[in-house]
Every structure is written in structure tokens, then in C-alpha cells.
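A single chain, nothing else alongside it, follows as C-alpha cells in the form predicted alone.
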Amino acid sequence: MSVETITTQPFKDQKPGTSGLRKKVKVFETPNYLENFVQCIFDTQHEQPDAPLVVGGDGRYYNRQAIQKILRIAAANGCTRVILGQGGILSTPAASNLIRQHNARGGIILSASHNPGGPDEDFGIKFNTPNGGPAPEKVTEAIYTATLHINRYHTLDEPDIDLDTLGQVLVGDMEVDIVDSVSAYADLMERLFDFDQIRALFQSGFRMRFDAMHAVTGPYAREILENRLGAPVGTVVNGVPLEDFGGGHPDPNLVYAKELADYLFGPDAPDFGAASDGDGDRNMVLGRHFFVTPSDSLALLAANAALAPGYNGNISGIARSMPTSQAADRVAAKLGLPCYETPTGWKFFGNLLDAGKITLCGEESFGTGSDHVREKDGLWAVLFWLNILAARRQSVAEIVREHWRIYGRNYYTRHDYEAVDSTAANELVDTLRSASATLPGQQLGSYTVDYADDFRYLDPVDASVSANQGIRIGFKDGSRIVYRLSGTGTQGATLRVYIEAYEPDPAKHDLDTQQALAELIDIANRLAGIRERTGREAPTVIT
């Protein structure tokens, strides 16, 4: 095996965000761009060097080419074994499962999550640590620091390998095991949920539709829903992963999964509908003529956890990201469980999960998960819902409304302003941050400000501090407005505004969400000067 050392120069824009490094495909195609970042992973991550490395991605454009480069660099850096998803495809939760199952040194996951794919669209890469979760800040900072000084990378002059045939192949002296990742993941789901009970639900005539959005979960959903659970063939639609996601935007919300939403609200609606995103870690859940918010979904899964064999009597705590509604807090209080409020980013849940402080966790951005892996898991959430539906034999709407009668309803919405000028977005947040000290006690319409701050998180496990995580404005009646800039896009900034109001009165639980929150929405717009600062008359996406 002959190792080649290629001279290179640093790139200035290789700082990974909370979800890894995301750029346009054409940036990753720049000579040495991907190679630099991958080499810096090997230069900085030395834990369990003799253990295998897991590699795979969501199948988007450039996935195959990137994997061939990664394999050659891995072999040149002394990696002895790689576990690779067949065709180079691994959903993000399935990759996390393989890392944990094989006690791997970590994983290199290729995805830009819910962002569009194609030659002119987005690509991404991230490193998951040996616990199976996204790299914590100390790891991403070490990789980034290395990119600022890199002057060479190691590779092999080896031909591309066949990514599609199961079995073993060598890249230099490195063994590459090409595995069926679907079966390992499906086996895990079968241990967590009552497949016999769900199978009986389908046999009773229960109908559902799962929209894989031409993304990575198609093969997983077909194997589990149609093959193992007996759902009719055709239950999974858009099930073939495509490099450009069929020209769609693989983000499971009411805007980008409109076809599914229209079907669930149409005259021939099935009992249940669900969708997942580009890399399989997000989910949208719908009943017949009924949308379940991700915040409510987390609360409902927690409240009904005893119905799933893998969670019956085995819940240690619950965690939610700060912008997520406080519905889960009410369930935790009733069950006598701790509930943690973390910054946005799944890595913050990882510490709590590893320490055994929580079992269930979720974010309002359609991400829900548990201690079975260290990533959010879209198909897992769908199966959890199916387990609840199979056990209770009620409709989605009946289950949710009964939950509201017990716990009250947290009216909740998120307004996204995508691709906003970064300077304008940062100035908006900086102005709110400066003004927050003067807001408590002020009367804004019919609401009185109780507190205003920039969320600061003290990790209860390692005592690390994460500051400036989002502007929170809380009102005396429990309502909230939260402003936060998101780093998931590749152009400009995404301003997310979260509005929440608690309603204990069952007689007021069937209001339209946007109408119920109308005054708070107006306050949020005027307080931040969104129209004046961004030039936007309306959000890009409302969920």
C-alpha cells in the first residue's frame, strides 16, 4: 500500500455548525475542500483507533463521490476497517445504531439533512463520536482549528470500489464491510415496539400513508411497515432515494410535504399519515384531518410511553430544546420526572442520555428521539405513534384532544424567515438582546412581560456553559416568544420566531392556532421590527 501525501492549503469557511459542515455541492467539489475536512477529522480524533469507522449518507448528489474519497483517506491514515451502508446510504439514526452496535471509533455521516439536493444544491458532512451522537463543541472546535492550519492530506492511489454489492472489499490494507443497514435498524425497532399489536392494527383495516420524500427512509419504511408489519404495498410513497429528492425539498412540514397534508385533510383521508426528511432523523405526524405539532408529539409519547414494551416503566426523564413548547414539562411534572431545557442541537441531549438522566427527548423542529440511539429518529417516532394507536384503538385526534383535557393545550407556532440577509438578522437579534433588560414589567398589548433574557445553558453533566442560545420573552400568564437564528441553511440566515400560549380551558382547545396566537404574533413582529429590518411581509414557512 503506497500512501500519497498531497500538499494543500487551508480554507477559511470550514467551520462546522451544530449539524456539521454544510455548503453548496460546488463548494465541496472545490479541489481539496472535502479532503481537508476529512483529514482534519483523522488528525484530531484518536479515540479507539483500532475500532471500525462507520461511513454513509443520505444518498444526495455527491454522496458516492465523497465516500470514495473518504475511504482512500481513511485507509491512508491507518484505519483498518470501515462499515459502509450499501450503496453508500445510511439514515442518520441507522448510522448512530451501527456506531453503538459495533463499538466503533465514530462515524462520518454525509448529509445536509432536510436541505434540497442536486448539483446546484446542498451537501454536508459531520463526525459522530463513539457514543453514536453528533460531535460536541470541543470536538468540532478541534476539527475546525485543524482546518485553519492544514498543509497536507494523506490518500491512496486506488480505484473506486463497488458500493452496491454486500460483502467485504479492500481499499489498500483497509477492510470495507458493505452492510445492509436496514435490517439492523429494523431489528432494533422490533425490540422496542409491539410489532404483533401493530400488525393486528393493520389487519383490522387501519390505513396509513408514509411519505419518504424520495429520501433515505424509503427502504427502511418499506422493510418495516410493508414487509414486517404487513401494511399494504403502496403504504410507503416516494420511497426510492434520489440524488435530488425528486426535485423536492425533503423537509417534513405542512409546506414541503403539502401533498401528504392535502391527502390527510382530503375526502379519502387514511387514519394516519407521516413523513420523514432527507437523512431520516425528522418526522411529521398527522391524523385524519388533524396535524400533530412536534411539541405535542413529544409530550404525547412521554404520556403514553408505558404502551411501548421498550419504554414501559423505564423512563428516567425528559428533555426538550428551549424553543420547544412546554407541553412536555407538564407531562414530566405529572409523572414525577425531571425535565431539562437545553439549547437547540441534538448533541446537548447526548450528555443527558449518556448519563442516564433522560430517556425521551425532542425538538420543535420535527425531531424526536430516545436513548436507543444518539440522534433524533423520524421512523422511530412514527412507530411509537403506531404502537400507541394499536394499543388505544382511538383516532389521532381523539388521543390528542384527550391529552389536552388532562394537561391543557399549549398553542404553539414557528415562523421561519429563510435566507434573510445575515447582517440584518444579526442586528435584529443584537437589538433584542440589548433591549431585554428593559422589558420585564412592560405591558405589551394584553400581555405583561415577566422576564426577558438570552438563554444560557449550564450542562448538568459536565458543567459546560452555552450562552447566547436565543432571546426568550416570557409573559406572566406563561406565554412566550422566542427569537433564534438557525445555522441549518447554506444561504444567508434563517430567523425563527416561536410563539406559545397555554390554554387550560377545554372549551377553548379547538381554536385555529394562528388566530389563537394572533396578538402574540403581532407583538413578536412589532417588538423585533421584523418587516422593517428584513423587508419580509410574511414568513417563508409557518408551522
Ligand code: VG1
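The first residue of the shown sequence is 1; numbering continues from there. The shown structure was predicted, so the numbers you read here are calculated from the model rather than taken from an experiment.
Form predicted together with the ligand: not shown, discussed below.
**Student:** What is the one choice in R320, R409, K376, R72 with a heavy atom within 4.5 Å of the ligand in the predicted complex?
**Tutor:** Contact with the ligand in the predicted complex is made by K376 alone.
**Student:** To verify the annotation, which of these, F455, W346, Y417, Y447, has a non-hydrogen atom within 4.5 Å of the ligand in the predicted complex?
**Tutor:** After the contact test, the surviving option is W346.
**Student:** Using a 4.5 Å heavy atom cut-off, indicate which stretch of 158 to 166, 359 to 367, 220 to 228, 77 to 85 touches the ligand in the predicted complex.
**Tutor:** Every other range fails; the passing one is 359 to 367.
**Student:** Looking at the partner-bound form in the predicted complex, is R480 within 4.5 Å of the ligand by any heavy atom?
**Tutor:** Taking the distances in the predicted complex, the answer for R480 is no, it never comes within 4.5 Å of the ligand.
**Student:** Do S19 and the ligand come within 4.5 Å of each other in the predicted complex, heavy atoms counted?
**Tutor:** Contact with the ligand, yes.
**Student:** With the partner left out here, check for me: in the predicted complex, does some heavy atom of S325 sit within 4.5 Å of the ligand?
**Tutor:** S325 lies outside the contact set for the ligand.
**Student:** Can S113 be called a contact residue for the ligand in the predicted complex at 4.5 Å between heavy atoms?
**Tutor:** Because a heavy atom of S113 falls inside 4.5 Å of the ligand in the predicted complex, the answer is yes.
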